[in-house]
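First comes one chain, alone, set out as structure tokens in the form predicted alone.
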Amino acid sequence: MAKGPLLIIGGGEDKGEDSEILRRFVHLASSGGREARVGVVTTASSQGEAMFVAYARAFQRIGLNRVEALSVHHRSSAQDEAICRRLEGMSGVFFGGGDQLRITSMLGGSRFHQTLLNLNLEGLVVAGTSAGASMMSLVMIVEGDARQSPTKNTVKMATGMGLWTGAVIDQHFSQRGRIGRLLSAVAQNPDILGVGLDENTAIEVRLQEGHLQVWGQATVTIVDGRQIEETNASESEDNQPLALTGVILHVLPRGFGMDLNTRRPYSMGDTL
């Protein structure tokens, strides 16, 4: 069970001085009175240098000066002991957007990946936006057609980085109409929680405590498939519409959270 919090962002986060989400990440990385030292991983992007510059400037605008690039764009780099030692010196790691399959194919199963998992268990804060959000889960959505009705073939899935094993995550959710993708993923993996994150919206996940909290401007859509009563997911043809009954769906804005053990949402004003 990971001890370090995860900050999972739906993409398109505000990068100005008033950015609530980036400020929350810096706050988490500064816990215990230490000065935050943040590494930015741009593996998902083919424009990694430009992405790092953009985030370095954004973090500097909110007062964080110790920002370093963790450039891993080849499998050989992910096995490099030197970059793993640099990772060990961070109080927070931020994964940028792009293509989540680039992250898992470059980093998955590597020394860098194992170091990241071990450090998260020891308290390292890990954040990710867009592709950096999708890669957090063990079952990862790679791609899918948001325009069609949900079918078995609506989403293509692969193994993610496994920081949160009990979920499957989609991003740019409402903006790109991805509810069908998430329903298809949950139909095929009903035990895990489907999480759809809108842009400029994030969840802070604390697995050790069993809670998540919503931050940002829009909403988080959560699909719970444990109570599914009937589904044709196993016997349907690839492009045949899915049947799903008994699915539980929650839409949570800022100020709401969820108990991950009971899967019950709550207002942050409620008594837990």
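One-based numbering along the sequence shown. All values reported here derive from a predicted model rather than from experimental measurement.
Another form exists, predicted in complex with another copy of the chain; not displayed. Remarks below refer to it.
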- Establish, in the predicted bound form, whether Leu183, Thr219 and Leu252 all lie within 4.5 Å of another copy of the chain, using non-hydrogen atoms for the distance. yes
- Query: Between the options Glu237, Glu35, Glu230, Glu49, which residue brings a heavy atom to within 4.5 Å of another copy of the chain in the predicted bound form?
  - Reply: Glu230
- Note: exactly one of Thr165, Gln79, Gln175, Thr159 sits with a heavy atom within 4.5 Å of another copy of the chain in the predicted bound form, namely Gln175
- Message: Tell me which stretch of 106 to 114, 127 to 135, 86 to 94, 147 to 155 has a heavy atom within 4.5 angstroms of another copy of the chain in the predicted bound form.
- Response: 147 to 155
- Query: So, in the predicted bound form, is Thr245 in contact with another copy of the chain at a 4.5 angstroms heavy atom limit?
  - Reply: yes
- Give a yes or no for Gly210: in the predicted bound form, does one of its heavy atoms lie within 4.5 Å of a heavy atom belonging to another copy of the chain? no
- Message: Just checking whether Asp198 would be counted as a contact of another copy of the chain in the predicted bound form - the rule being heavy atoms within 4.5 angstroms.
- Response: yes
- Does the 4.5 Å heavy atom contact test between Ile179 and another copy of the chain in the predicted bound form come out positive? yes
- Message: Suppose contact means any heavy atom within 4.5 Å; which members of 49 to 86 contact another copy of the chain in the predicted bound form?
- Response: none
